[in-house]
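Next comes just one chain, in structure tokens: the form predicted on its own.
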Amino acid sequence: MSLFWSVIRQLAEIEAMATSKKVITRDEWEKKLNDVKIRKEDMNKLVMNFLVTEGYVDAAEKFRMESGTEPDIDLATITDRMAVKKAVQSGNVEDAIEKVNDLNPEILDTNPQLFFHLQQQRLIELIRNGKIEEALEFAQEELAPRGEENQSFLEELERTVALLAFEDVKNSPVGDLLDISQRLKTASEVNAAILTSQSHEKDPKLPSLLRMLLWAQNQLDEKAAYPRITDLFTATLEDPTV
């Protein structure tokens, strides 16, 4: 049984146990947790999945040697993917586009929204660097035609060009486009597209399992008082409040 279904089954059993509001002691709870049997191989795969998806190539290689867990993707491709991500995060969008095409030209050919967002980021970088005439020319020649074909693209283009209308751009309604978070958003979108092209999940499994844990605790809170985890970093069980 996979780790995912094992967790689901145990959560279902725990919830069934709490059909009415009652107090579950630490001893009872820990006994129930100890009954959960999770294979070490499944835990190792979960760790490897996180390292590969998030791009920690050195850590993934070391973990592979230490645990014997083989990644489901060529680790060499992680370095290429991270180079693309780093280029976008640094504002080198043209370089990022070239690297994506070197990896797989079909990624951008089959994803017009991603290509538009990369071009939009390129326009933002031109405006950031004060290359106003070049930015206007680029917007007119490269982005405007795409905006005519797609209403959402047009709205995003208009919002980006609006950066030129404010003297104090950072405090303007569109100032968030110049924030580092905009680069990170675009870089994340590219990263996900590359992973998808490699038949790999675009998001690591571990955060999903943690979200499922929080959801399950919220559901159980309505039926029982029990030792719950409030700090995911330490995973310390806190005694139930009566």
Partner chain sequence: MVNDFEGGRQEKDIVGSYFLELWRSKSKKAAVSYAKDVEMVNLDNECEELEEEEEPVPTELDTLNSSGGFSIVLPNKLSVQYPTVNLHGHDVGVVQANCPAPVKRLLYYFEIYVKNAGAKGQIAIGFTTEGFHMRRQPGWEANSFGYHGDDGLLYRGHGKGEAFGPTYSTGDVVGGGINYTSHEFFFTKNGQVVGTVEKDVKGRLYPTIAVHSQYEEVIVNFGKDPFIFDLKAYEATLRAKQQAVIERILIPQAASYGLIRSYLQHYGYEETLNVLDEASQTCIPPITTTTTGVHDNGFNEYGAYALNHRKILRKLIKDGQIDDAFAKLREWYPETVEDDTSAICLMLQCQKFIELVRVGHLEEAVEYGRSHFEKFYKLKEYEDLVKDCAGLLAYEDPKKSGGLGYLVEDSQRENLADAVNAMILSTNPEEANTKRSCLHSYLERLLRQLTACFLEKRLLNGNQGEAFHLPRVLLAKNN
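Positions refer to the first chain, counted from 1. Just so you know, these numbers come straight off a predicted model, no measurement behind them.
A second form of this protein, the form predicted in complex with the partner chain, is not displayed here; the remarks below concern that form.
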Task: Any non-hydrogen atom of Met82 within 4.5 angstroms of the partner chain in the predicted complex - done: yes
Open item on the list: Taking any heavy atom pair closer than or equal to 4.5 Å as contact, tell me whether Glu66 reaches the partner chain in the predicted complex.
Closed with: yes
TODO: Indicate whether the partner chain has at least one heavy atom within 4.5 Å of a heavy atom of Gln89 in the predicted complex.
DONE: yes
Open item on the list: in the predicted complex, is there a heavy atom of the partner chain that lies within 4.5 Å of any heavy atom of Gln182, even though the partner is absent here?
Closed with: no
Task: Sequence-ordered residues of 25-48 touching the partner chain in the predicted complex, heavy atom within 4.5 Å - done: Trp29, Lys32, Leu33, Asn34, Asp35, Val36, Lys37, Ile38, Arg39, Lys40, Asp42, Met43, Asn44, Lys45, Leu46, Val47
